[in-house]
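Just one chain is shown here, as structure tokens, and it is the form predicted on its own.
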């Protein structure tokens, strides 16, 4: 365990990317943190001829799904079906090259996760115990962490969840919250006993200490190693693997009615079930990718998933006994947006499906910008201005300009045929020598998960070509020395070929377009920068622009779009919405007699600020109602208004006046009252049902 295996010692590679929750679309934070680097790595491995499976899928269980379904008035299955296909389509259009994209609601996943749990259970690897958990009496339901809100003990944010404060980012437990409330009813939950199964993480502490702290001290990223060390040094505690919920993988043992596998236990098994699904589709054996020591398992995740993929999932795999452990978990930090934390709930994000519509055929520009600003060692910031500059000043001005000039000159001077080289100058030899080194230079960065560095080196190859072309000025030499121009353009065309091959992991759409312009078939990574990738006499196609300029108006539109989101958020935050009250039956509602009535007289109630004495014509009688609306309306303003009257409310004496009924009002965000009334004059006594 002391030393990392060299890349060539692995026969196959299992590359996983964190499963996105199927409760919303994918945004640029997901892409920069997980999917772009994972795709670059998988594409690179394929380019080197390695045996690799790249695994993706939707995480379709857990409380965020049920909360979304409750808000939208649909079933959890409706929610995951909608977003699973939206996410999968977005990934396909963006060029994320999964070998399989599965989902955790699939039957093969339920059976795989059930079998995994059952093996741990039967082998005595799980502990069963009772504990007290929050329970909503009104809804007769145990509350998952996300169904509990309260005040954060760290920053005093009043809408923190039971698992995390989205304001300050601190991880929490429900017991940490001040004044906890149920999201379902708004009531204060009680504590109630329930039985669950736990993974005794403390039993795996010696294994984890040796495997991580001793075995991966030098090859894991500092942020990953540091977080793991902190968890292990604090002492690991048992962690529940089941929960009281009706959406998820049912716990496959007796006495577990109403319980499902906890999503953190269920979701990573999704990598395995997805590989099994791939196996069924391709006929290939899935087990070597997960159970052979000569396979390399790499997890691409964000920093919020480090503990699950480095401590909990490896403990599960070790407890099961037949699986390999990950060789590396190159987790990234977070990407912010225009100086603010990306937030799905606040709609503060750049959504992939919207980007693909608003910037058609510019997938590689976003891939490039996100890789160049990847939060590899610390949180980083995405801005639309930087996105524009990356495109205009780098992709367009350096890469695209070099390729276009080279191909245009080749057609101008040699009718689109690759000219033969003549005698090479020292500058020519130096340029060729530098070009040939780039496959290994870029590979070295990719093998150690330094994707920003690798991308920078790819651009250095384009800079090499640009400088060589500019320094030699073939447009000035053709009339006097066409042989020299032939040599210059031949070398430049070889650099274009190298760019086409080596760009594929980073800029797959650009690579494909450039290969087509060069009329070149893809070659292996190691042969991508050979000095004769394009043979003399080879005919290239007409050049086309690889990149287009992004105008200021396009960027301003995106900035204004975000500003509108910020304004909406500020307005919504000022609205204090009361929670829903306890459910009533239809029979309870049917007992209410709601009618249209007209206010015929009104006067203030003496010695009060809020009360008006109203006389109402209900269509069946004339009655007095005392209403607390005097701070919003004068008596003169309400006379003649039609209102909604709760006519069968028991009479009550208020300030010596018998009030018979109640008029219904709505309270706005400014605390002002608004009458509920029909849009047109309706006969008094008309029933509302």
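Rigid core: the largest C-alpha set superposing within 1.5 Å between the two forms. Remember, it's a predicted structure, so these values are computed and weren't measured experimentally. Residue numbers count along the first chain shown, from 1.
The next section is about a form of this same protein that is not shown, the form predicted together with the RNA.
Judged against the RNA in the predicted complex with a 4.5 angstroms heavy atom cut-off, the residues 515, 528 and 541 are out of contact without exception. Proximity to the RNA in the predicted complex, defined as a heavy atom within 4.5 Å, singles out one entry of 476, 535, 129, 71, which is 476. The contact residue chosen from 545, 584, 191, 590 relative to the RNA in the predicted complex is 545, the criterion being a non-hydrogen atom within 4.5 angstroms.
Residue contact check for residue 471: one or more of its heavy atoms lie within 4.5 Å of the RNA in the predicted complex. Contact between residue 206 and the RNA in the predicted complex is not found at the 4.5 Å heavy atom cutoff.
In the predicted complex, at least one heavy atom of residue 379 sits within 4.5 Å of a heavy atom of the RNA. Although the partner is absent here, residue 394 lies within 4.5 Å of the RNA in the predicted complex, judged by heavy atoms. For the RNA in the predicted complex, the listed stretch (321-329, 288-296, 248-256, 602-610) containing residues with heavy atoms inside 4.5 Å is 602-610. Although the RNA is not shown here, in the predicted complex the stretch 621-657 places heavy atoms of 626, 627, 628, 649, 652, 654, 655 within 4.5 Å of it, in sequence order. Relative to the superposed rigid core, the position of the CA of residue 660 differs between the shown form and the other one by 2 Å or more. Superposed on the core, the two forms barely differ at residue 55: its CA moves less than 2 Å between the shown form and the other one. With the core superposed, residue 647 shows a C-alpha displacement of at least 2 Å between the shown form and the other one.
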